[in-house]
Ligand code: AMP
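This document opens with one chain alone, in structure tokens, the form predicted alone.
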């Protein structure tokens, strides 16, 4: 099969890596891709929102399957578009994609179907939001009701910070016309739980935990993710059974009831406290950086799982995972998620050898003047698996020490909660 992967991050690089191992794969293409992806896929620069041009590319190259990495095209309805063109595409349709596209939609659905989550209120004007804030306890969570690349959530430790977050959202920092969702702060430890569903049945993927904050000790502003590991020890079988029963199954039933069955990856961000899990948020695609650790641990044929999902035969998929522990550490441009210098030179990547136990997934790189350069905030995702999480992390950090990139930043404490436990 000729397979097209949409996106240009480390998530998409890891998807290309897993797809390349499938016996069903004859060729891999990527739009737009990056330097790392270009090593295993033919990359072409096309705007991901230009569905007609992507369709023309698919016709020209006889694409059999499209895999959508990022959330924006899903929210914009790319799956509906290509279903109408009779080209197989992996991901949820536009209606279901509102689960990530609108925090308010997600919270309202949770309320309607009694899915455990933080209490909340929605606001479409600044004055009402700030008036409500004054009646609430601190800390409190302020969310932009829309896509914000992982940066539209503020955990406010003071009323001043909460008010500022509200004002920034209404001022258009994350996009025009966004509403605000104000949630109670939930204590506990986060975990990421992924399922794959054909709209009726679902398969559980391996658990993972990511580190969203930029600073060590999980401090500082939220990012798209600074590292992850799998499996997540906190996500026990007991927790999984509870989440399936009270969160996943009611969610899938909601979309069946509404006439829009959810197909694809569903990613539940959870807060676990005293053995009880609540839903923090839903994402409608593989997480980044969780995807990197999942793809390195996956023993099964990813392409087969995707095809069975599209064809309503998810029950025919037998998912198998490596018993190893896997971790990834994100190397970002110094200053991220704020201002940072672009096109800084990264040296010595050729000193790192990729194999089944170690991969350097590129998140935002290009090749220019014979040099590999950073071209964004999160740039590399150094990923390894081993018998223990500590061994995997040791291999990652030893490898990072070989990379010559003075403008790079990374957290030195990825996985610390799991190791401590």
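Numbering follows the first chain given and starts at 1. None of the values given here were measured: they were computed from a predicted structure.
One more form of this protein should be noted, the form predicted in complex with the named molecule, which is absent from this view; the next part is about it.
Scanning 118, 195, 156, 234 against the named molecule in the predicted bound form with a 4.5 Å heavy atom cut-off leaves one residue, 118. A heavy atom within 4.5 Å of the named molecule in the predicted bound form is found for one listed residue only; from 298, 280, 110, 303, this is 280.
Contact annotation: the named molecule lies within 4.5 Å of heavy atoms from the stretch 184 to 192 in the predicted bound form, the single such stretch among 184 to 192, 84 to 92, 168 to 176, 345 to 353. Contact here is defined as any heavy atom lying within 4.5 Å of the named molecule in the predicted bound form, and by that definition each of 103, 212 and 222 is a contact residue. Taking the partner from elsewhere, residue 141 is found to have a heavy atom lying within 4.5 Å of the named molecule in the predicted bound form. Contact annotation: residue 205 falls outside 4.5 Å of the named molecule in the predicted bound form, judged by heavy atom distances. Of the heavy atoms in residue 72, none are within 4.5 Å of the named molecule in the predicted bound form. Shown alone here, residue 272 lies farther than 4.5 Å from the named molecule in the predicted bound form, counting heavy atoms only.
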